[in-house]
Structures are given as structure tokens and as C-alpha cells.
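What follows is one chain in C-alpha cells, specifically the form predicted alone.
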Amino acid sequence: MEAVRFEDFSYQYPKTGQGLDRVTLSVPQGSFTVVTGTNGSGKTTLCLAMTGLVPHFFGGAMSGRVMVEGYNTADRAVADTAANVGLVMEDYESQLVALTVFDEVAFALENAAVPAHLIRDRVLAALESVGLAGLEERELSALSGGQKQRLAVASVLVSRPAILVLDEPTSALDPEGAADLYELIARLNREQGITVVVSEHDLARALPHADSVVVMAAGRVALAGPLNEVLTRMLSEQVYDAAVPSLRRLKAALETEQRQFSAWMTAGEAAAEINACLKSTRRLSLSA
């Protein structure tokens, strides 16, 4: 089943005119999809269109349609679409509006008139899912950048959306914080079945967890499909190939020598398989 479907969708911002150009794309339900491309390629606009913020909040001109969980975003208020899809923006701190951790996560439920006796349980469950249990009364000013990022995710998850969209979620995090965040997102995808869409320019961070990739260029979908298929095409067709991690470049180079390897997700997996291949080659050389 499809979580999101773009049907010949075009969009232009009111002033710049830049946006999306005849995008046709399907995001499978339960998938972990990475959207990549150069700055200005349309990654963020694609994410905003999934939430209905494009065009409802930004205005502009559009054609075609975006279907989210079977609903046309153009026919629904942004608040209604938010029941299906949650967005964590690149500037995640701009989404934080309360004084304490508990109040921040409870904010969306209070606005939705959820009964008070249900709010506490749902807030505590959301905080537990992102590793912030026990910090309910802490003020936001006392949180680290990584904790604020997790809090932004919890504030979205508390509304129980089926789809989680994150726009450049690790741009303000150090490598350790970025790795932790992706582990969290992958766990939510794996254990709760949440469809994840991540806009990311640093593919090495996201690929260990992804199963599909979309490459944007000049507002269009240049490539889209299963992870390994798209990475192979990025290199062979030279489509944003500079973004392909060095590990995948090495794999492609070795396979030109008629060697076939499994799908490397981490440097450890690559090292183990290369070492096994080298040992096998040495054994054959000695026996000859």
C-alpha cells in the first residue's frame, strides 16, 4: 500500500517561482525513504507538500495532487493532514513553544481537546519512545541540542501519525548525535511500523536504515526506487553521484572486477566481507 502518492504534481512559490515540476512518486507504507539532492533541488518542498503546508501555508500555484493515506492534501486543512503525517523541520527549535518538556509534548493534545486524563499517559509514552523518560519537568533551556531534537520528534509522535517526515534532521547535530537520532527513527520505523521520509544530503548517515531513495534535481524526481538500485544508478548515470558514500563507491569498483558483495550497510560489514574475500583469494593462490 502507498502512504504518500504524488500525481503529476507541480508547485511554484509566490515570489521565487522555484518548487516542484511534474512530480510523480510513490512512498510505500512502512518504508524508510531518504530524499536527497543538491541545495535547491526540491527536497524541502517535497516534504512540505506531504504535510499540506504546500500550498495551504505558503500559497503559490499548483497542479496535480498529493495523496496522503488516501486523502488529497488540497482538500483538507493542514491540521487534519497532521493527524496522518507529522513533520520535524530542519530548524526544530522553532517548533518548541512550551517551558517544560511535559508541556511541550502535551501541547498538541491539548489543542486537539484530548481529555486530560488521557494526556499524561500519552505524553509519558511518547517521551519513553524517544529516550526522554524522567525529564518531564525539565525546562527546555536546560536540554542539549540532541535532547531538543528528540523532544521535537516526541511532540509529533504523541499525535500518533502514520507518517513521520524529517527535513535535514541532523544538520545541527554532531556525528554521535546524528547516529543516535537515526537509530531512534529506525527503531520507530521497525517496531511501530511508522512510514519514515527523511530529507538528507549526507547519505552515509541515513543509508544504514533506509530501504528506498529519491534523488531530486531542479524540482524533479531524477531517480527513485529501492536503495541499492538507486545507488547503482547514481554512479552509473552520474546523477548526484558525489553524494554516494565512499563505502558504496568501493563496492561498485570491486564489483567491476566480477566480484559480487552483499548490500553493505556499515563499514564493519564491508570490512568483514572484504577480509573474507581476501582470505579466499589467498587460499586459491596457495593451492595453485
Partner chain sequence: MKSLAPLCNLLLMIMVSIWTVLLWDPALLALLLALELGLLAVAGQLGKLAKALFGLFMVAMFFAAIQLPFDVAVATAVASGLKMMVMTVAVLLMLATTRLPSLTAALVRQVRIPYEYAFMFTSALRFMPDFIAESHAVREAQVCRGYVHSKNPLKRIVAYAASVEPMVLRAITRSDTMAMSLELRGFGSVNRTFSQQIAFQTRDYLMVGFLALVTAAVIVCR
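Positions refer to the first chain, counted from 1. Owing to the predicted nature of the structure, the values given are computational and were not obtained by experimental measurement.
In what follows, reference is made to the form predicted together with the partner chain, a form of this protein that is not presented.
I'd like to know whether residue 137 contacts the partner chain in the model of the complex, with contact meaning heavy atoms within 4.5 angstroms.
Within the cut-off, so yes.
Can residue 261 be called a contact residue for the partner chain in the model of the complex at 4.5 Å between heavy atoms?
No - in the model of the complex, heavy atoms of residue 261 and the partner chain never come within 4.5 Å of each other.
4.5 angstroms heavy atom contact with the partner chain in the model of the complex for residue 109:
Taking the distances in the model of the complex, the answer for residue 109 is yes, it comes within 4.5 Å of the partner chain.
Does the partner chain get within 4.5 angstroms of any non-hydrogen atom of residue 73 in the model of the complex?
Residue-level check for residue 73: no, no contact with the partner chain.
Option touching the partner chain, based on a heavy atom within 4.5 Å in the model of the complex, out of 125, 218, 99, 179
Going through each option in turn, the one that passes is 99.
Find the only residue in 82, 162, 132, 188 having a heavy atom within 4.5 Å of the partner chain in the model of the complex.
Checked against the cut-off, the match is 82.
Would the partner chain in the model of the complex be within 4.5 angstroms of a non-hydrogen atom of every residue among 192, 230 and 267?
No: no residue has a heavy atom within 4.5 Å of the partner.
Which one of these stretches, 116 to 124, 162 to 170, 207 to 215, 192 to 200, sits within 4.5 Å of the partner chain in the model of the complex when only heavy atoms are counted?
Correct option: 116 to 124.
Pick out the residues of 73 to 94 whose heavy atoms come within 4.5 Å of the partner chain in the model of the complex.
The stretch touches the partner through 78, 79, 82, 87, 89, 91, 93, 94.
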